[in-house]
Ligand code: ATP
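Take a look at this single chain in C-alpha cells; it is the form predicted alone.
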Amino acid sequence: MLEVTNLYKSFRNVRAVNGLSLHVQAGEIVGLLGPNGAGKTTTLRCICGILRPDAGQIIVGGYDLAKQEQQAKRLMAFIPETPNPYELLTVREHIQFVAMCYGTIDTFRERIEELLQRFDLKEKEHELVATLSKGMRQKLAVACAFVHNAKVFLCDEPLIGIDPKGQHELKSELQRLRDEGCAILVSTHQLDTAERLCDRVIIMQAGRKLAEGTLAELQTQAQMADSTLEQVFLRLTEEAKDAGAVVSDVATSGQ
C-alpha cells in the first residue's frame, strides 16, 4: 500500500533522510522510531507531500506521488505533531472544510456526530479553533484525518497532548482501520505504546534505517531475548552511536 524507495532529503548541509527505504502493507501498523533528529518527521512530511524529496520514489496505493500527486494524496491522511488549523473557522466548519476538500461531503453528516462525540469535541463544535487548547487542537487534527476515506494514515507523535481517553479512542480507531485493511505508519517516542500497538517497527538513526522487524526479530538482532522494545531500542541505538564515534575517530586520526 505504501512503498518508499531510496528517499533522500537535505536542508542546506544537513542530510535529514539518507537513502531510506520502507514499506507498509495493507492491514498493518508500523512504528517509526528513533532518537531526536533521526529524520522521522522529515520522512513523514516527504511521504505526505509537504516536503519535496531530493531523490527517491514514494508509491501510495499504486500511485507515484511525484507523477500522480492528486490520486496519491486522496488516499492519505496525516496527523501532524503540531497541528496548524484554520483558526477563524469553528470546529465543525473545520472538519466540514476538510471533508469538502476530499470530496466526501456527502458522507460528512454520517461521520461528524460520531467524531465530535468520540473525541470530546461536541461541546466545542461551534467555537472558533483559535480558542482551543493544544490538546483539543490535536483532537481536531485526529477527527479531520478520519473524516474522509483514507487508506494510508501517517501519524507524527499523534498522542502528544491528548488526554488518556482521547489516546484510547485514537489507538482503538487505528486498530479498527488496520483490521479493515488500511496501512498505518506511526512515529512515536512512546515505546511502550509502540510495543502494544504496532505489528512491526522501523528504527531510524541519522537519517538511515538502523533496524526493522517485529519485537521478536529485533530481540534476536540485539541478542536480548524477552526484553522490552525500550530495552532493545536503547541497545541498538547506543551500539550504532558508538560505532559511528569509532568510525569518526579513525577518519580523524587518518587525516
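The structure presented is a predicted model; accordingly, all values stated were derived computationally and were not measured. Quick note: we count residues from 1 along the sequence shown, nothing fancier.
Although it is not shown, the form predicted together with the ligand is what the next lines describe.
Trainee: Would you kindly say which of 24, 232, 16, 20 lies with a heavy atom within 4.5 Å of the ligand in the model of the complex?
Mentor: None of the other options qualify; the answer is 16.
Trainee: Of 61, 35, 49, 56, which residue is found within 4.5 angstroms of the ligand in the model of the complex when only non-hydrogen atoms are counted?
Mentor: Going through each option in turn, the one that passes is 35.
Trainee: Quick one: which of 190-198, 62-70, 210-218, 38-46 gets within 4.5 Å of the ligand in the model of the complex, going by heavy atoms?
Mentor: So the stretch in question is 38-46.
Trainee: Residue-level contact is defined here as any heavy atom of the residue lying within 4.5 Å of the ligand in the model of the complex; does residue 81 satisfy this criterion?
Mentor: Because a heavy atom of residue 81 falls inside 4.5 Å of the ligand in the model of the complex, the answer is yes.
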